[in-house]
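Taking the form predicted on its own, here's one chain by itself in structure tokens.
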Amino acid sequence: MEYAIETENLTKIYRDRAGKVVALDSANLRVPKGVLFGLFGPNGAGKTTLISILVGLQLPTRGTARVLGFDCVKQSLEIRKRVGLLPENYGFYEHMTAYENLEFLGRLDGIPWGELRRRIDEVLELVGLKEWANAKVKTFSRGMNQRLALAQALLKDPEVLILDEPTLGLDPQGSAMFRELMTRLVKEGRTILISTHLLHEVGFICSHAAFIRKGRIVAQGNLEELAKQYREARGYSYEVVVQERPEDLLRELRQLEGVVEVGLENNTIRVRASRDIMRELLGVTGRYQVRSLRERAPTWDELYQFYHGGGWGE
């Protein structure tokens, strides 16, 4: 598998008068190419420090990091040519318009003038700011500033997007626009790394994720890979929707080996088991009029609570 981002034993230690603070602790991250990847963790977990090292804004204490095959210490300029960054804290020149800010930043990035004008129009359209292109940034709301920051990240038409808390300040319409745009960009073949603790905003559009806790990557992979450990610890969940006689089916399901909990709501039976009982469920439900039978995958929120609680990864 090809990776857009790889780190190996990446460590960052800050030192002050009180001693040392370990912001990253031998973090090993693997982001496949062409996926929407979530870096999930609470504030202070090390997400922003990791991003800063990836784009060459900070040096690691030890370990290595590579983006698109380029070393983040030795080849940071090559990385910046190919990566669009939306930092958690950004700033624009408030006395300048949105267009003027993007023009200034684009020139700093060395984008040719003819291409730059075209790209500014395109990205302002993408983030829903085209009609405010000539408005001064000092008149913008926080959500509009966030949209402009996303436009800046897209300006160089990057292969990789790294977005730190990208939905902060966005209203529901802006969040929906953001999710739709991210899905579209991944379909075009880009790699997107989103760092956030707001899983309800972006978690469900991610195909892969890593959970970072106290500077360590405690788990990573696609949804199925991450769900495997969850199921082994918390059990398997199923939903059965029946047309009639749910009480009869309920009694039979309670007798299956490994079933630890069964509940009925209207005509939907929810089953939790300590092992995979799909084959047994298919056998039992075959004697009833069943509308649907499915295994319920854990949500990103459930996975987050699992990997960040209960001593996991300690």
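Throughout, we count residues from 1 along the sequence that is shown. As the structure is a computational prediction, the values presented were derived from the model and not from experiment.
A second form of this protein, the form predicted together with a small molecule, is not displayed here; the remarks below concern that form.
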Residue stretch of 243-251, 285-293, 45-53, 272-280 approaching the small molecule in the predicted bound form, non-hydrogen atom distance within 4.5 Å: 45-53
Any of the heavy atoms of Ala297 lying within 4.5 Å of the small molecule in the predicted bound form? no
Any non-hydrogen atom of Leu10 within 4.5 angstroms of the small molecule in the predicted bound form: no
Any chance His197 has a heavy atom within 4.5 Å of the small molecule in the predicted bound form? yes
How about Glu180: is it within 4.5 Å of the small molecule in the predicted bound form, going by heavy atoms? no
Listed residue that, although the small molecule is not shown, lies within 4.5 Å of it in the predicted bound form (heavy atoms), from Glu165, Glu103, Glu159, Glu201: Glu165
Checking Glu88, Glu225, Glu232, Asp109 against the small molecule in the predicted bound form, the residue with a non-hydrogen atom inside 4.5 angstroms turns out to be Glu88
